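Let's start with one chain on its own, the form predicted alone, as structure tokens.
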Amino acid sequence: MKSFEKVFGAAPQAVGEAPGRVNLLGEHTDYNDGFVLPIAIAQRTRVAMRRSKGPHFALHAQGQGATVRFTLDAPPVEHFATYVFGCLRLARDRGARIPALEIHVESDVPMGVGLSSSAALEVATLRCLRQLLALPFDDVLIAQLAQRAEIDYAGVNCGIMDQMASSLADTTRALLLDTRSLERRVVELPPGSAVLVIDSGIARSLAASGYNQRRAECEEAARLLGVASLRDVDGVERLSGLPDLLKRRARHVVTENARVTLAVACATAEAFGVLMNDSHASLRDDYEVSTPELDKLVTLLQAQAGVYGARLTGAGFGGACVALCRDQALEQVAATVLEHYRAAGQIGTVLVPPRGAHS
């Protein structure tokens, strides 16, 4: 990596990389022990390392414009560095002997739009460390350590989906994951279909607080129902005794889990698309994590003949939408939707496929 050499004056001794992801179905189900169906995206985060001659770790993130120095005794104050620090500390807790390191990070995973740039950074860091130190960490353990790094050191009480997708998924097949047991299998996309992701241009300003609130509401609903989590509710008829707000939150989770299960058995892209459309309606009405801009973008996508289905993706409150399209219609759909979205006063951006990936 030339950029590593430019910063540190020598070649790296190990390189690791990991992709971002987009979730096709199964939104807000992972922290309810439910089912998810993410797929990796082409954009990746790359981490390079070499042993340092000095006592300090030196972390340079391309785009941040500065090199952060720290030891493993105390977390760095820079927030982006806490993700890397957490991975290093947790690897040490697993018995790895971690020397002082020079670390370089570069990424083209879009940040702040729900495509798991943080999980890509964590998994890439752990993969690089595994290579450098010949650590006996398999891909599932790497995902679990990455999740713990985000919770314990970056302060985000996330589920396991993002890290498992970044560690185990690829860009051509979705990953069906049971977030309770971690049982998983790959699922082919419907024939003739392709994934389109468009950023709404609306920052996810309420995503953190709204996420924590929704999680607390789900936990309260599960408590009132006498179950360990909403995963254990086998039908919406069991929700009738809940207060209205909690009933709607729980109904989204229960029906979303069912949609993931149905999607895996879909024989056609049209059937898969109906489930995506239903998912957005549930996220909008029962879970209340959409915005007028996301709804507008989804409506524009759903109106295109080349689109099978569309929904918001990620935590909501802004961010991106995902659509399943006829593969030959991707460019036309994207251009038409962005034109109409712009006419409505908003600026959207195609994130997947990345620019230049489709000729």
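In this text, all values refer to a predicted model and were calculated from it rather than measured experimentally. Note that residue numbering follows the sequence shown and begins at 1.
What comes next is about the form predicted together with a small molecule, which does not appear here.
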item	value
4.5 Å heavy atom contact with the small molecule in the predicted complex for all of Arg46, Gly63 and Pro110	no
Options 314-322, 330-338, 300-308, 54-62; stretch whose heavy atom lies within 4.5 Å of the small molecule in the predicted complex	314-322
Proximity of Phe70 to the small molecule in the predicted complex, heavy atoms at 4.5 Å	no
Close approach of Cys158 to the small molecule in the predicted complex, 4.5 Å, heavy atom	yes
4.5 angstroms heavy atom contact with the small molecule in the predicted complex for Gly26	yes
is_contact(Tyr211, the small molecule) in the predicted complex, heavy atom dist at most 4.5 Å	yes
